[in-house]
Ligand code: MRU
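Given next, in structure tokens, is a single chain: the form predicted alone.
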Amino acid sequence: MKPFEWKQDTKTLIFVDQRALPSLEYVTCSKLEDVLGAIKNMVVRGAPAIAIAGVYGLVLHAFHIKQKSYGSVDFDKFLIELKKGAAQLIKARPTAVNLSLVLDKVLQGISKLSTTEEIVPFILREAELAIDDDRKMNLQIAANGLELIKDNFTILIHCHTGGLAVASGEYGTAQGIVSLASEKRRNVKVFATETRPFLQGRITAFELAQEDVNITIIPDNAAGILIYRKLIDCVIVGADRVLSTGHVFNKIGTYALAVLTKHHKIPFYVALPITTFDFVHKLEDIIVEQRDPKEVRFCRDQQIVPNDVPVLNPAFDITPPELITALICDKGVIYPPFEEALAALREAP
């Protein structure tokens, strides 16, 4: 199942509404604002999927610019408007570095074109190429991570990192390693945290159950007792962004799991494509997004707290490199010291 599908005949982007799973519902986007809403409201999730959804959002914005100008807009003005649209998309999910990287790449490519008529076909080609790259990277991540998974391993997964979290809909990142291990007939068992407040663990369970993987959902706060009782062999998570120092930005709760595994001497792995590395920003440059307590959104089946009780609902946390056993990416398995290893990775062809 793919997280979204581009419909050329109607010029719309159709998302699987991941808030409704396991029920299948869809959200149709015909303009940039629709895509912004889909990203902000968790219709689409996962940094790789959000990145390519953003590219299609730029396509819809390009159609709107042409319609507004009756097709006669100046090239430079067209590019300015597209940059404004890209800025809105990046703001919708600032932690996901994949989104800003791919949009920057697309905008740079557009700036080298000659006419406005070339813009939409160019963006669509870039989206298709990015989806193909996504597919190849995910399979390689799974293959590289497979060497770390032994037969009869029990793996803890946090958040959701499967096919619906990536653009191609195939394998995913952290979850893709589990899927490939299952395909290779390794007897693996998985515990998936609910991952509140949006319960992404339900999507993990939905996908792995379809693959006949032994999957059990646990409350977020049950992870500690399972690790204490030696029921977990390793933890694998994904990432929204990883800095050149090895600091990992990911769904809230990742840091707590890393602390637990470090204390109990259990491997803690982060799986990600090369596009999730941020070699530009420093830790002090980045502000982790936290939702305003007055703007907390709840899952459909979650009870609403009393109106007079404030809610603090951070969306992401930071896991320092000293808590991480290895980074599993499409270029290989990277071990500490991460700063040196990632510097070499950046320089590699």
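Everything numeric in this text was worked out from a predicted model, so none of it was measured. Counting begins at 1, following the sequence as shown.
A second form of this protein, the form predicted together with the ligand, is not displayed here; the remarks below concern that form.
The shortest heavy atom separation between residue 50 and the ligand in the predicted bound form is within 4.5 Å. Contact annotation: residue 176 falls outside 4.5 Å of the ligand in the predicted bound form, judged by heavy atom distances. At a distance threshold of 4.5 angstroms between non-hydrogen atoms, residue 250 is in contact with the ligand in the predicted bound form. Looking at residue 45, you'd find a heavy atom of it within 4.5 angstroms of the ligand in the predicted bound form.
Checking 214-222, 72-80, 183-191, 232-240 against the ligand in the predicted bound form, the stretch whose residues place heavy atoms within 4.5 Å of it is 232-240.
With the partner omitted from this view, the residue of 99, 142, 157, 165 that lies near the ligand in the predicted bound form is 165 [heavy atom within 4.5 Å].
Of all the residues from 179-214, the single one having a non-hydrogen atom no more than 4.5 Å from the ligand in the predicted bound form is 200.
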